[in-house]
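One chain follows as structure tokens, the form predicted alone.
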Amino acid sequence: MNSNSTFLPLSEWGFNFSHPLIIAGPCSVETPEQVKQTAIQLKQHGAQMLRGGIWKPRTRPDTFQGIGREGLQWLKEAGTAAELYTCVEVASPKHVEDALASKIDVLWLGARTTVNPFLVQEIADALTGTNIPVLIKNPINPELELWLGAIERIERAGIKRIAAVHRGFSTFEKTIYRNPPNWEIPIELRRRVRELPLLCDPSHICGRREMISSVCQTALDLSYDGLMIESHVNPSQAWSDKEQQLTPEEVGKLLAGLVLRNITVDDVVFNSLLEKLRHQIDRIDAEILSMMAQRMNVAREIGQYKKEHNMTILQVKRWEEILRTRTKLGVEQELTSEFVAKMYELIHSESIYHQTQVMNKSDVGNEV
């Protein structure tokens, strides 16, 4: 990311947003009545912006592809009636043109668009000179650089009111989520671009309405700036993604139950205790790194013995034993099996690297 990047905080977007920003609305705009009723009720339950899908990038061609251009006016009229700003997904320069002509307030790039740099650049070119706010969802696949690349392309079009939207990532593994959140990726995005507003789309992460509240709370606990929640006046009759949409009333109950936490606290005693605990973490981390260095020294010794006895580096049976026993030990000490497995996969990879270095080291000139 360009060191001269200057993304505006949501408070400077000119919309009088309160914190957290709540964007809500139907997955798909279906009829004028549906989107208007949803919008009016959402306004009563805390929404600040109305989202609605006009063009839907569906996987299969025979599924509902969105109502199309005429829905833009329905969305705008619903926003006006409810006194809500409007937000719509665009996936081509023509979409941008139509949305601007309908005076939509905010645009967003979906996950299937963000993954394609050619398409993002075409949209960026269409946005040049407009200064309309743009939300950029993470790409489908868990790759931070693609997400950053899309943000950079829109920024270089002259757009300064940009926010990232975390909507989870596709996976072939069976999980409780529709799109697993992989929280470490948006956390790294925030570390790299601290001034960039970050929103969460729990609807697409969860895929099921009963999980949405928990993901919303996690996002706020991680200092996200807002939420984008799919809501329909009658979810059971929705034309798309009915399982993950909440009624406006359910959105209101969800928001009422969320806890907003402070980034900092002025309590002197609390800060003193927190600093003490952080020093303990620092000391433990130093010990962990020292022990890891010792472990790699032993791994290099093992590599040397394997070399001398013409033995392969990878010993699958031994690796399976390590993974099994360490996972069991970690779980007994209240660590998650997923964490232990990931940690040892990294340790094993580093051990393989060091043993490979030993194997590839020439013995010429070392003989006495």
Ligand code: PEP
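Don't overthink the numbering: it's just position in the shown sequence, from 1. None of the values given here were measured: they were computed from a predicted structure.
Keep in mind that the form predicted in complex with ligand PEP is missing from the display, and what follows is about it.
Heavy atoms within 4.5 Å of ligand PEP in the model of the complex are found in exactly one of 68 to 76, 106 to 114, 93 to 101, 271 to 279, that being 106 to 114. Each of Cys27, Pro57 and Glu230 comes within 4.5 Å of ligand PEP in the model of the complex, counting any heavy atom. In the model of the complex, ligand PEP lies farther than 4.5 Å from every heavy atom of Arg161.
For the chain shown alone, Glu89 is a contact residue for ligand PEP in the model of the complex, at least one non-hydrogen atom being within 4.5 angstroms. Residue contact with ligand PEP in the model of the complex: Arg167 places a heavy atom within 4.5 Å of it. At a distance threshold of 4.5 angstroms between non-hydrogen atoms, Arg153 is out of contact with ligand PEP in the model of the complex. Heavy atoms closer than or equal to 4.5 Å to ligand PEP in the model of the complex belong, across 198 to 226, to the residues Asp201, His204, ordered by sequence position.
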